[in-house]
Ligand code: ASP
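Next up: just one chain, as structure tokens, the form predicted on its own.
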Amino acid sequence: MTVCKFGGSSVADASQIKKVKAILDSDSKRNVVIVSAPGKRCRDDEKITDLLYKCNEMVQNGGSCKSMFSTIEKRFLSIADELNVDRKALISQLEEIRCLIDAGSGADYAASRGEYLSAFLISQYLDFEFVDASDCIVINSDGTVNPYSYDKIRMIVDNSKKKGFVFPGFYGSTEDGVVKTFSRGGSDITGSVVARAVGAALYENWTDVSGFLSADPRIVEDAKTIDTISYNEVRELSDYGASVFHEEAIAPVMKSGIPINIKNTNSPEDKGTLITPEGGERKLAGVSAKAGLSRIKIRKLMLFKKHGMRHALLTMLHIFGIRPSFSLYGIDSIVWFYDSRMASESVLAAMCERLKSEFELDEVSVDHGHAILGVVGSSVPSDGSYIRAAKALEDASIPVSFLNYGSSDVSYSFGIAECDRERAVKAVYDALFR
């Protein structure tokens, strides 16, 4: 059995969905499908999920989402008409969803309805069984998947008379049955969960690129496709900003060792990138850089002498809505990097004041405009490439705020200014991959 996940670009309109059907028809083992909400049809278009978030915002601000939701209705009905799918059931679903969003069902419910409607429509087109993810995927309070989900999915598939199944991606439910979403891009996670549950031989992740590239093609035009890559390398590259595959989607398939193939819906004949437990023979996989980061610097003499200090500081950050993604430690200091969108300046000022007073810190400060560049590959611990990468950054007159080497078996990273991100990626790529 092959589990296939199709991203937003793959289901953006009727012509794309017809490509999905052709791909499924070409291999009888492709009978379990996960779909995202329709993505952009062109550069100036809006993703359905973004429109649904706007609908929820309108309701939270005391209004109705009816005018905004009409755009969503028109798009789904247009797709249904082009696919010759009966609109009656779809119209009923659309009306119920709009009413529930207007009634204040919340951001998670609203955002999840793009995937729900996409799967509902596509299941009718394919004559597959529609499986609502909220009926079988339980998401814990920390965002992880409850193991009971695997049994529930397996039971649904095993006991069905249908030979094909369509699951909406991106969401599940809490133990209390309330709709809950994964982070953006979470349809990849749904695909991995379903693949593990049904014991798939292969998980195909269909998108609009022919696999993982060794660098962002918008920065390095001739970046090469990676033939084979390991689970760990994918997680690291994704963490450094490579957006082809969600880093958390590796976890469900890791124990089962299910290979993942990143494929292109628009060029299904392309080989793509195969993700396996051990990866390929090549030494370096790729370079990527994540921008939009802010930095928190904390200093206190004998900082770590007090038991539980780091945990207590992190707890305080979480109270103010900040969850760091990168960490550096000194004998008396901590540096944390986090997504700059997590907090406003007023929230940061209040947080710094509370941190300093409550923990008697010598220094606490926040600044913005940071990026972290990562180089990933199986040879990283021993190949000395970090020296060449550092030299390339120096030659390009790109200041480095830190070098993190040795904390990972498959990567190292440099702190750089956000404004230097593209130049840094080009410089390091030229030094290591040409």
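In this text, residue numbers run from 1 along the sequence as written. Since the structure is predicted, the reported quantities are computational estimates derived from the model, not experimental observations.
Although it is not shown, the form predicted together with the ligand is what the next lines describe.
Within this chain, residue 163 is remote from the site of the ligand in the predicted complex, having no heavy atom within 4.5 Å. Interface residue remark: residue 47 is counted as part of the site for the ligand in the predicted complex, having a heavy atom within 4.5 Å. For the chain shown alone, residue 37 is a contact residue for the ligand in the predicted complex, at least one non-hydrogen atom being within 4.5 angstroms. At the 4.5 Å threshold, heavy atoms of residue 184 reach the ligand in the predicted complex.
Remark: of stretches 402-410, 60-68, 47-55, 388-396, the one touching the ligand in the predicted complex is 47-55 (heavy atom within 4.5 Å). Applying a 4.5 Å heavy atom cutoff to the ligand in the predicted complex picks out 170 as the lone residue from 144-176.
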